[in-house]
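Just the one chain here, the form predicted alone, laid out as structure tokens.
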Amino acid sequence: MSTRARMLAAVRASQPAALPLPAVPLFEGEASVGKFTTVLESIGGQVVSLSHLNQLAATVALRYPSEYRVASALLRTTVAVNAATAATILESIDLAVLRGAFGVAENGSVWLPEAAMLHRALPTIAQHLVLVLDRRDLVATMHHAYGRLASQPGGYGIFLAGPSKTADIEQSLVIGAHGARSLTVLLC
């Protein structure tokens, strides 16, 4: 038996008996549009209400310059993006318009599964990000969010909350330092 195998066997032999995981209470909270909007705007994001998804193209056209290079699965785009798109193309995208799966009112975040990203880097490399979300898909807390993730297909995904920002010890806040400079959630 090798030294490595003896060490691993010793580690396995010294493990304590498995215990059941503790029960985690489901903390209640407010899953309202008002709460979600207040929190998201307090961290630099914006929320725009749409009465119907068919207003999406017009709303985006009003808010962003027509010369922007746009990537999206929801709109007619100027840049085609898929999982194999080169980083040199991704870095030139001004606006990404993507569909979020659900939002979390307690922290203003939106869950973006990989299937909705077009490319894993797109939500963090585009200059501006628009997430489209059904207002019926708001949950109150991260406890509810993780409960909802348990019922969805596995794989990569990210919670996005507000535009990218960083602050140093001199308390200088920089928006868009290493990600999208703005984040707008369009609630349908």
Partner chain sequence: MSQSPTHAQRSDVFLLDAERTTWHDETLWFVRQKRDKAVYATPEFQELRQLASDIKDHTLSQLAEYLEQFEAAALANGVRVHWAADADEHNAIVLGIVRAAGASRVVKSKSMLTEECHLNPHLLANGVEVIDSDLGERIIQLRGEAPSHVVLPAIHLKKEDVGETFWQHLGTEKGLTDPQQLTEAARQHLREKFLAAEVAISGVNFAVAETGSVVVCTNEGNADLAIGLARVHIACMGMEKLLPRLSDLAVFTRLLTRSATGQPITTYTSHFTRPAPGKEMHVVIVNNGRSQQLGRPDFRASLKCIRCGACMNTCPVYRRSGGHSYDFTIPGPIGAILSPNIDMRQHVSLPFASTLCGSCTDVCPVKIDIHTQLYKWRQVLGAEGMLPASKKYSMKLLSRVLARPGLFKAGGVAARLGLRLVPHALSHAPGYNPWAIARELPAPPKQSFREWYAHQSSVSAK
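It should be emphasised that the depicted structure is a prediction, and the values quoted were computed from it without experimental measurement. Numbering follows the first chain given and starts at 1. Under this definition, the rigid core comprises the largest set of C-alpha atoms superposing within 1.5 Å between the forms.
Omitted from view is the form predicted together with the partner chain, to which the following refers.
Q: Would you check, heavy atoms only and a 4.5 Å threshold, whether residue 32 touches the partner chain in the predicted complex?
A: The answer is no: residue 32 has no heavy atom within 4.5 Å of the partner chain.
Q: Could you confirm whether residue 68 comes within 4.5 Å of the partner chain in the predicted complex, counting heavy atoms only?
A: No.
Q) So in the predicted complex, does any heavy atom of residue 78 sit within 4.5 Å of the partner chain? A) Result no; residue 78 lies far from the partner chain in the predicted complex.
Q.
in the predicted complex, does residue 159 come within 4.5 Å of the partner chain, counting heavy atoms only?
A. Output for residue 159 is yes: heavy atoms within 4.5 Å of the partner chain.
Q | Candidate stretches 60-68, 130-138, 45-53, 24-32 - the one whose heavy atoms come within 4.5 Å of the partner chain in the predicted complex | A | It is 24-32 that comes within 4.5 Å of the partner.
Q) Taking the partner chain in the predicted complex, which residues of 136-156 have any heavy atom within 4.5 Å of it? A) Result: 141, 142, 143, 146, 149, 150, 151, 152, 153, 154, 155, 156.
Q) After the core is matched up, is the C-alpha of residue 9 off by 2 Å or more between this form and the one not shown? A) Yes, the C-alpha position differs by at least 2 Å between this form and the one not shown.
Q) So with the core overlaid, does the Cα of residue 152 end up 2 Å or more away between this form and the one not shown? A) Result for residue 152: yes, a 2 Å-plus shift.
Q) Taking the rigid core as the reference frame, is the Cα of residue 24 displaced by 2 Å or more between this form and the one not shown? A) No, the C-alpha moves less than 2 Å.
Q: Report the direction of the Cα distance change between residue 138 and residue 152 in the predicted complex, compared with the displayed form, as closer or farther; the change is 3 Å or more.
A: The answer is farther, because the C-alphas of residue 138 and residue 152 separate from each other in the predicted complex by 3 Å or more.
Q) Given that the CA-CA distance for residue 141 and residue 153 shifts by 3 Å or more in the predicted complex, does it become closer or farther? A) Compared with the form shown here, the C-alpha atoms of residue 141 and residue 153 sit closer together in the predicted complex, by 3 Å or more.
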